[in-house]
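In the block that follows, a single chain appears as structure tokens, in the form predicted on its own.
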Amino acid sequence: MTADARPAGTARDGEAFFVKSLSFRYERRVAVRCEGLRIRIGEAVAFIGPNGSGKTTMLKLLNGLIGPFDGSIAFLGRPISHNPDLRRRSVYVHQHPVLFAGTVRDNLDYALRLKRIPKSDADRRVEEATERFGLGGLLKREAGRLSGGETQRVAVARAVAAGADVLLLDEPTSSMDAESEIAVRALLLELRRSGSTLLFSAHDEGLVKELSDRIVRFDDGRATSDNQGDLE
């Protein structure tokens, strides 16, 4: 991974991610190419394009889950490598999230223990997340018995309770029944209104139109933003 083009700590005000001259390969195949991308704090940005076009790979690159890569990615003004804010404030939510064995309450509690959050503060966060995301009827349920929509809600609640305000979501409403999809859409809209930064891949044109402030299009790995100022 190369150093970012800007010195550490020099992000523009309100800038979450800054990407420049990014290229990532799977063996010999270029999986993602992006000349420049700026994501501002509080934005909701949709990644759209055909299956295999690089959307999921880009989300994982931004969250530091895969590499190495050519070019640079900065989060809050610092390169993502060894950037403690990346793990503290951002999270990647898989299309089919994995929850820990045990109850929904166990999942919330364990995530907070991993962050070494004091018990009194952790209990308050769990209570707030339970109310905010409508989990009261699910806390005692085994995680393995949740529907797809319920699992998505718990995964997001777990991340937010642990301190994440930048969420990278891979197809957050895919393969859901209508009721679950409505619940997850409402959750994402609430997060957007509350100021969270949302980056999400989607084929659902309705979700893109309803939720996103702008779009990044992917075609055969090449990412193109509809914001002409991304490289300024």
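Residues carry their position along the shown sequence, with the first being 1. Quick caveat: nothing in here was measured; it's all calculated off a predicted structure.
FYI, the form predicted in complex with a further copy of the same chain isn't displayed, but the following is about it.
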| query | finding |
| --- | --- |
| Exercise: Gly71 in contact with a further copy of the same chain in the model of the complex, heavy atom 4.5 Å | no |
| In the model of the complex, Arg145 touching a further copy of the same chain (heavy atom, 4.5 Å) | yes |
| Close approach of Gln95 to a further copy of the same chain in the model of the complex, 4.5 Å, heavy atom | yes |
| a further copy of the same chain contact at Glu190 in the model of the complex, heavy atom, 4.5 Å | no |
| In the model of the complex: members of 19-52 within 4.5 Å of a further copy of the same chain, any heavy atom | Glu27, Arg29, Gly49, Pro50, Asn51, Gly52 |
